[in-house]
Each structure stands twice: as C-alpha cells, then as structure tokens.
Ligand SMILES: Cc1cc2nc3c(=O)[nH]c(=O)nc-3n(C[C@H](O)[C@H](O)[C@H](O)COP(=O)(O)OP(=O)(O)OC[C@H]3O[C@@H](n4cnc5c(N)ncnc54)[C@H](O)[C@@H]3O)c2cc1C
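Listed next as structure tokens is one chain, alone, in the form predicted alone.
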C-alpha cells in the first residue's frame, strides 16, 4: 500500500456497499482521486445478503406458489417438489451474475483505488487502514448496518438476514422473530417452499410501518401460505436452541410456546459505527449509534460526510445510492445539494407486494381516494383481487402520498413517486392516458374518481353551470350561416 500512504486522497470512502460505490464513482467522475476501503467484499449487503439473494429466493417461492394457485384457473399440476439445493444454486448464480459490476477490478478500471481493510479515523485528515496510515481531504462514511440481535435469555444459535444464506437444507420448522419487511418476505418464501413457519411480532400488526388494511391483506396472504402469525406478544425466552435438534422452544410473553428447528431474527438493523474512531474526528452519533447528518449529508465534522444505512435516513438501497451521490458531489465540489425525503418509495416484496410513498396519513388536512381491486379488470383476469390503490391529496389537489397493494406494486409506485416529486394534481394524473388493462389502472382510477368528486363539489358545479349557460347563450345569439 505504499502508493496509498504517500499521497493525500481527495476522497476517502469508507465502505464498499451501495452507498460507498456510488460515492466513489461520483467523485472519480468529477476528477477526484478516490480511495475506497472495504473490510470484506465490495457490493455490500444488497449484493451478498440482501436484495439479490432475497429476491432470488422469492422468485423460486413465487413459482412454487403459482403452480399451487393455478388450479383456480383450471391448470392442474401434480407431484410438484422443491429442490432446495437447486434453489440455492439459482441464488448463487444471480449473485455471480451481478457481482462483476461491483468487483474491485471493475472499480479500479474506473479510476477508483480499492483496498481491503477496516478503517479507523486517527485525527482530522488522517486514518488507518489495517497497519497503514492514509491522508485525505474529505471522507464519506458508508459502512451500512448490521442485524440487531436482542438480548433474550437462552438465545444462542440463530440466523439473521445475513447468515440465513448459509443454510444448506430447507428448515423443517422455522421461527421468524420480527414482522417487518424482512420477516414477512422471508417467512412467506420459506413457507411456500415447504417450511412450517411461525412469525412472531411484538406489535399488534405485521408491517407496522404500513396502514392497517394493507397489513391485514398481507397477513391473510401469509396465512393462506401456511404461516402462523402471532402478533402483540414478545419473545421472552428460548430453551434448547440447537438448530436441527428437536426440542427447541420459544416462550412468548403470554406463555405461548413455539417449537422450532431454526430461528430467524429480523427485528431491525443497527448502524456499523463501532471501531471507526469517530470520537477522534468529532463525528456525532445519535442514541442509536447512527451518524448524524444534515440535509447535505455532512456530519458534525465539515470534512466528513455519511450516507446509507449508517445514517438515520430511510434504509433502502435506492436512498443509499441517491444520498451518497449528493454527499460525494458536495464534498468534491463544495456544493450544498440537499437530500429530500418527501418522496421516498418503499416496497415490501411479499405476494401481493405493498408499495408506499410520501404522506400516507389521513391527518393534516389531506384527503384520500381508494380503489379496491375487486373490480380492477387486470386483477379479475388474473384472479389477484386482494389489494387496493390509494392516493392522498392536499388542499390544492396535489398528490402527496400513495399506497398500492397488488402484484408488482413496486412497479406502479414509481409513477406516483414522480407525481409527488413534481407536485402533480390528481386531475393531471387522471388526464394522462394509461395502458389497459394493467394493475396501475388502480392508481389512475383513484385519480379519476377524485377528479370527478371535485367537479361535483358545489363550487365546481356553479362554475360548470355558468360556463354551460354562457355557451348556450352564445350559440343562440351567434349569426346563422347557410
């Protein structure tokens, strides 16, 4: 690392996940010298333990469930089996296919200097990578987050969203602790592949960040796939806890006992800030250990920036990349571009999917329009009528929030995110011709329904009557031409 030690880098990027890679690519395109340090392997959680493997698993589970559900459409299949080793090979293939994009060789070819090692800040402008010291002018911290493991008596052997991919065999009885997006996605997937799944959530509903009616649809769908859902009760003790050995038991707060062979913990994530030496460079963290940033992604040290799951901002791959680009361009160019969180979409990739964006609360003077999918033509043709499309409007008729529950809801939410960002009114969405029949018709029909309601309002009716009367009078008075 001699060439690393002997120069002052324009930008030191700490972490080679989604945020770190985008920050490094942004800076090098701006002409900066960039040193990216990753202590494991570039690509981060998304490539190795998050988005890519989980969506690959969900794809296999979706096809298995589709075969079972096809009987309702008149298509019958017999002797359907799951080869879990083949499912794992599909997951590995997906990772290997995408991996070269984030590989060190690819990043090096773009002008980014990549080194392997953990970073510790020593003083302002100085950091250590392993046993070597480096100097930097600006730095971006993008070390991400790790799964939280609660301190539960008897808890010893378990898997998380990071280690579940090490399983070689399909769990016979899987206990999922946590009913958020990760717990629901993986719980449904393993149930569809053949595991007996119990999901435990301490709050009163799964997907607590979503509306109760959206969560209820997903809960019903999971139950149809065989998931036993236990809400409103916490896990208080584990006995046995030896994977694959009969007799492992989870004891819940109300005394319920659940036997299991494998335990998946999915109760949230904690920022990776330990051992970074943030105290040496005056970088503040909040009570949960996340790096505090302003809207320009700058920390309490004006030379150090942060992006991704290591900050308190929404923890998604798409936000990590977007905010990392802001952090890097601000650091290199001295700009003050600001991150906006008013239109950040989120998707839970269950079946059906749940996608939300913006202000989905009924408070603060907003109104909402909901179209259930019972009579949505595409939903009827596919027999996928569980779901709805909901738009939220402010007093001026602008779309400020949306929730969609349907197959491929994550595809529909992109249009609604753009509508919110551009401040579009419902009538503008209603006046945009959409292809038919699609699941996105739900959001379009919600906009049309709201537009019609506004036209039927008393003030609007008066204006329309006035225009109609004026038009009739003009037609009566204008000269006739022969």
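Positions refer to the first chain, counted from 1. Keep in mind that what you see is a predicted model, and the values were worked out from it rather than measured.
Absent from the display: the form predicted in complex with the ligand. The rest refers to it.
Shown alone, this chain has one stretch from 383 to 391, 76 to 84, 138 to 146, 325 to 333 that lies within 4.5 Å of the ligand in the predicted bound form by heavy atoms: 138 to 146. When contacts are defined as a non-hydrogen atom within 4.5 Å, all of 46, 51 and 182 contact the ligand in the predicted bound form. Using a 4.5 angstroms limit between non-hydrogen atoms, residue 100 is distant from the ligand in the predicted bound form. Not displayed here, the ligand is approached by residue 117 to within 4.5 Å at the level of heavy atoms in the predicted bound form.
Although the partner is absent here, residue 425 is not a contact residue: none of its heavy atoms lies within 4.5 angstroms of the ligand in the predicted bound form.
Among heavy atoms of residue 19, some come within 4.5 Å of the ligand in the predicted bound form. Shown without its partner, this chain lists 41, 29, 69, 63 as candidates; in the predicted bound form, only 41 has a non-hydrogen atom within 4.5 angstroms of the ligand.
When you look in the predicted bound form, the only residue of 126, 90, 318, 280 with a non-hydrogen atom within 4.5 Å of the ligand is 318.
Residues from 254 to 282 that approach the ligand in the predicted bound form with a non-hydrogen atom closer than or equal to 4.5 Å are 269, 272, 276, in the order they occur in the chain.
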